[in-house]
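A lone chain, given as structure tokens: the form predicted alone.
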């Protein structure tokens, strides 16, 4: 892909690598988790070498994702603080959904919707991590009541997180020019000016 040298850098290589580690580990966790959630998904265990290996690998993949997600959150939390402009953006999100985002309130590097998603994912990830430890019986011996509670919370939080990630992926595909930011680290000036005018002004001084 030939890129314009005037394109704006949106993500550093380390940030993109961090994102992809989280994304790939999430996919593997979703597949292995679904395999044990319902009999209809049990054949997915074959992707991991069978049910025994699936059960062994799942929690370790969870540790990888939790640590990678923590690093990602630490990198970007300061950019995801809600502002009055974000609240105004959320109040007019219907215009965005209808495809008319030209008159939306000016946004920084992330818009109000992305910030809500960010904090929702942090909430889900926190619940999944804590509940995952409660039900990791190979290493921990919590009371059976806590184990049962952990199993319910783990499944519920994971289901919500799968839904949120689906929204995240759909939005990235829907807003043309977004995915290249995570492939190559850059976006066009036109894309930045239309979708994140505040950030465009910040990085270009215009």
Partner chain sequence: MALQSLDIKQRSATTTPSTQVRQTIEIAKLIDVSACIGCKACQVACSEWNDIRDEVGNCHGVYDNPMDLTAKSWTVMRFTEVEQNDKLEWLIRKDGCMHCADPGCLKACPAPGAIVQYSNGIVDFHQENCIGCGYCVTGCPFNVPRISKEDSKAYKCSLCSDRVAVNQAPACVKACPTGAIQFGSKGDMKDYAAKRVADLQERGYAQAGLYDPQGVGGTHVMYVLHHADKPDLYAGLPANPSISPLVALWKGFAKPLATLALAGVALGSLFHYVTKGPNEVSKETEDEIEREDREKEDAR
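Residue numbers count along the first chain shown, from 1. As the structure is a computational prediction, the values presented were derived from the model and not from experiment.
If you look for the form predicted in complex with the partner chain, you will not find it shown, but the lines that follow are about it.
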Heavy atom within 4.5 Å of the partner chain in the model of the complex - residue from 44, 61, 157, 147: 147
Look up in the model of the complex whether residue 195 has a non-hydrogen atom within 4.5 angstroms of the partner chain, and give yes or no. yes
With a 4.5 Å heavy atom cut-off, would you call residue 51 a contact of the partner chain in the model of the complex? yes
Classify residue 103 as contacting or not contacting the partner chain in the model of the complex by the rule of any non-hydrogen atom within 4.5 angstroms, answering yes or no. no
If we define contact as a non-hydrogen atom of the residue within 4.5 angstroms of the partner, is residue 190 a contact of the partner chain in the model of the complex? yes
Residues in 151-170 that come within 4.5 Å of the partner chain in the model of the complex by at least one heavy atom, in order, are 151, 152, 155, 159, 162, 163, 166, 167, 170
